[in-house]
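Only one chain is shown below, in structure tokens, and it's the form predicted alone.
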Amino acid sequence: MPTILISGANRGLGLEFTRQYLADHWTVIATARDLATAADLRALSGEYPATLRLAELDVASPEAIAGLGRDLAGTALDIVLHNAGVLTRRGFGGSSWQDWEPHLRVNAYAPLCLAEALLSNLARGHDPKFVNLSSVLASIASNSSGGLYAYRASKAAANAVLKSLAIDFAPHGITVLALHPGWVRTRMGGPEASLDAPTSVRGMRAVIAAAGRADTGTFRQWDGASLPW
């Protein structure tokens, strides 16, 4: 039975990824910053007691990520999916380091920390893949509207991290992908978004499943289309 680790699995896309992979008979290690408030995620434990493992993880803490790596020592992972993210909508004139710092910690640095902590687990997996949920807002070439400085910059930085990981992970046979989920109706995406979470996640799962070594280090959206950096 294949195994996936999903960060930020307590709501939105992370929760939908968890539901779909469980329904498809995967073992899921689902992490959330505070499991006590993750009612929907905990409810899934009753439905899938043998295949859902919950772990508390604050991805803003490198020490917590390293601890997760120690807890999972010897566990084979077929996919690591970094879904947790931070978004504030402050534009020009409203920036502060207090706003930028969590964006960089969670969106850009956390995927690198996860990759470092879980490399040996992925190396044990079958056709292993490391996937980071990016955003079209990370694309410098596609930016025609400005604003969202901290979010855009942190996601662009995450794409740079993923591109380097693709090179460093190649000798281990690990495929690395940056995925844009589309504009999705979640708490982050808002009620007017064009996609629902099940559609977006089904599309991304298909892209992940089809990805091979030739696709490593690429930036794709939920339907498989390539995006410009």
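Just count from 1 along the sequence shown to find any residue number. This one's a predicted model, so the numbers in the text were calculated from it and none came from an experiment.
One more form of this protein exists, namely the form predicted together with a small molecule; it is left out here, but the text below deals with it.
- Although the partner is absent from this view, residue 196 stays clear of the small molecule in the model of the complex, with no non-hydrogen atom inside 4.5 angstroms.
- The small molecule is not shown here, and in the model of the complex it never comes within 4.5 Å of any heavy atom of residue 52.
- The closest heavy atom approach of residue 114 to the small molecule in the model of the complex falls outside 4.5 Å.
- The shortest heavy atom separation between residue 109 and the small molecule in the model of the complex exceeds 4.5 Å.
- The partner is absent here, but in the model of the complex a heavy atom of 60, alone among 170, 66, 160, 60, sits within 4.5 Å of the small molecule.
- Annotation: in the model of the complex, residues 18, 80 and 203 none come within 4.5 Å of the small molecule through any heavy atom.
- Across the options 141 to 149, 70 to 78, 92 to 100, 127 to 135, residues that bring heavy atoms within 4.5 Å of the small molecule in the model of the complex belong to 127 to 135.
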